[in-house]
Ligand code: NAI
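What follows is one chain in structure tokens, specifically the form predicted alone.
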């Protein structure tokens, strides 16, 4: 369902009227319109800084250079020396910022992995404070730090632990014009995973992802970090459950856009809709109740018929059966638990026997409902919370097998389900985010595709919220 306020405030007269009436003015987000290009930052100026010179900043400048960015620094820029040294070592050219001459950068990347004292946090202020008033709309901000538990001292741990709070607050300050701010926590030794993560977070593909913390922990056993290739999923077989319509259909479409052959799965009674969705992307329609005790084996058989094993499986199928717990019938509890959680566990167990390809990637759909909880959704929230724990636990087991598993937690997304919400409740839900609007199915699809592709090679066991930094559960 269309967001009428968003449409109105971006009409010829709407913004002035909205301002006079005190109505919210949600930014118009720029989303990706095509596949990832090799030079995704071609012609874009990126302001960079670093706390000292090290492996992370060197990997950073190499990554930005590979993406075609024009790296910029300023003579008064905090973190200047770290970048100059890293750029010289990496043989990457760095120019002088022209923001003082009215040409501001469209992306801002600060490496603070070298901050190990409380006083070192001043770098955050010095880097961003002079520039935030002039950040163009739909800009991208990425801060790079270290995960918890990596520090050599308690003060360093405290300094690095300041970063999530800083970035989340910065995202709330910056969201009014569609700018996003996110934190990458890069484990020492996992620096070669920076480029793929930056390709996502510095692109229109992440338009509805802000205020998030993503750990980059390193590739699973035996997985090599390859150079970026356009259509990175070319030759891959991807399975998407719940693919007939809505978010599932969008996921299937974006996976296909990046080159994957998609096997779309949905209930037999939705066969005609599923077939239409798959025919539009050159995919394969496979009607199947995902709660079938042999669902995993049947999916493996379909992939085999298509010439291989499953490279990507996206567990998107899910249901709600909302009732206050005191009024909930046992069959509603059992149904939701089985569809949203039991089917995932059974299916993965069967696929792990011999149905997954080497270096396969598994993506599960959680929800902010599983993080924050919702009235009348004890069954649903339990499953979505369990998915987060399941992904974390399974990642440790699967990494040894060269397989990665991650989750996406959607917030308020414009679908048929949310269109049925009462108008006042729906309008409030839309505005309860730093970007002051609901997301689109394609926003979830872009995040899933990131997790399913080589771009996220260093990410395993993570749950990424795609919610515009919804204030619920923030």
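Remember, it's a predicted structure, so these values are computed and weren't measured experimentally. Positions refer to the first chain, counted from 1.
Just so it is clear, the following notes concern the form predicted together with the ligand, a form of the same protein that is not shown.
Using a 4.5 angstroms limit between non-hydrogen atoms, residue 284 is distant from the ligand in the predicted bound form. At the 4.5 Å threshold, heavy atoms of residue 319 reach the ligand in the predicted bound form. Contact check for residue 384: a non-hydrogen atom falls within 4.5 Å of the ligand in the predicted bound form. Contact annotation: residue 438 falls outside 4.5 Å of the ligand in the predicted bound form, judged by heavy atom distances. Heavy atoms within 4.5 Å of the ligand in the predicted bound form belong, among the stretches 347-355, 286-294, 196-204, 154-162, to residues of 286-294. Contact annotation: of the candidates 40, 45, 415, 53, the single residue with a non-hydrogen atom within 4.5 angstroms of the ligand in the predicted bound form is 415.
This chain lacks the partner; the member of 144, 310, 263, 365 within 4.5 angstroms of the ligand in the predicted bound form by a non-hydrogen atom is 365. Residues of 238-255 placing a heavy atom within 4.5 Å of the ligand in the predicted bound form, in sequence order: 242, 244, 245, 246, 247, 248.
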